[in-house]
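One chain comes next, on its own, written out as structure tokens in the form predicted on its own.
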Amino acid sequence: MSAEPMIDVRRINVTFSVSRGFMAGRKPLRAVQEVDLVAHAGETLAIVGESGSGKTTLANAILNIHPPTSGEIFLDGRAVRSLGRKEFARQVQPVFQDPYSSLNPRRSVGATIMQPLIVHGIGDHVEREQKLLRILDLVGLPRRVVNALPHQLSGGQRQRVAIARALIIAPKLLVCDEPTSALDVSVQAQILNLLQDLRTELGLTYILITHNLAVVEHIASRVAVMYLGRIVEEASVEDLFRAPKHPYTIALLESALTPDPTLGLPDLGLSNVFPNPIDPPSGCHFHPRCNRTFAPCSRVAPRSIVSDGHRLECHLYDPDIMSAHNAHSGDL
């Protein structure tokens, strides 16, 4: 690994101003709160959580689509805010959830894939054609699709086009937001295996946004679990699947996953008290749904601690909180 992380996210916040209705004014919605994340070259860092957890907003912050309200993101040791848009795009590219909506329906496959080369002024026409043919081979697309339009391709082929378009300018980092969830189940494994092969062959780093823990186990190196804008647990995939610690992570892993991507996450067996991100619960944001809550959880926000290789925000693993709680309980 390089001395500098490929991506280094330091205490970023993303806040939106949200209307509360007619005559009610506006209120801040903190979609991402004090998030720290690091991914080194060649890693796949997965970010998981339920819908509304803030994972896509975090991805958009990393992509500089919605820059952080506060905090800093560094790419290979350089502050992202100091990079020009083209310089940043040369190094970081997205792969979105729905390949059909992310492709221009009137532009051929060849023109779509070569467009980044034109925008960045890379090569002449002959060199661009050569790069196009090489990238088609790399992502497993037949060369005959060069003149095809997106509607003439299958879902898996369209996602391969989107991946080829992202890779043709040789970025260092791909941010993949649910890259297989819009695809048929039979095609998902093919795209995941392709991403794995490309990461190894090209030395890529991935940020993977997903709700599917089976995908995480298949492709990721590390995983960060997100709840209501915060990272509540982070560990290597092996450690997290073997010995999850945060009650929310345990609920995610214990839930029965469905192969149908349209159904999202199944019932987690948690309380039905869903938090309002505009008015989040006091203390630990997860406490209204937690089955292991105790007195400090509703009053004190948990700090980030490290326990057995896990980074956690949970009072159950905070020795100071537990010591004070046990001492107080013993006095009763």
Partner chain sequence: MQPSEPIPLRETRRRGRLARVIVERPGLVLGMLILGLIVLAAIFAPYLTPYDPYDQDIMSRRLPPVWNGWFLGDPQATMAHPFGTDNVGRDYWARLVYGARISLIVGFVSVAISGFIGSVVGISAGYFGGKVDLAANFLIQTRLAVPVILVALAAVAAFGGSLQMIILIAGLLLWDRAAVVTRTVTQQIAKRDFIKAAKALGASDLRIILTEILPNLAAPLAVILTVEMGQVILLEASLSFLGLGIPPPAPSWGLMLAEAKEDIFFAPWAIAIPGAALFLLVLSTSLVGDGLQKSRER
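Residue numbers count along the first chain shown, from 1. No experiment lies behind these values; they were computed from the predicted model shown.
What follows is about the form predicted in complex with its partner chain, which we do not show.
At least one heavy atom of Ser102 is located within 4.5 Å of its partner chain in the model of the complex. Among heavy atoms of Gly155, none comes within 4.5 Å of its partner chain in the model of the complex.
At the 4.5 Å threshold, heavy atoms of Pro116 reach its partner chain in the model of the complex.
In the model of the complex, at least one heavy atom of Val92 sits within 4.5 Å of its partner chain. A single residue from the set Ala182, Leu173, Val237, Val145 has any heavy atom within 4.5 angstroms of its partner chain in the model of the complex; that residue is Val145. Screening Arg81, Arg107, His125, Arg242 for any heavy atom within 4.5 Å of its partner chain in the model of the complex leaves a single hit, Arg107. Of the stretches 198 to 206, 71 to 79, 225 to 233, 116 to 124, only 116 to 124 has residues with a heavy atom within 4.5 Å of its partner chain in the model of the complex. The candidate spot formed by Tyr248, Arg292 and His325 lies out of contact with its partner chain in the model of the complex, as no residue has a heavy atom within 4.5 Å of it.
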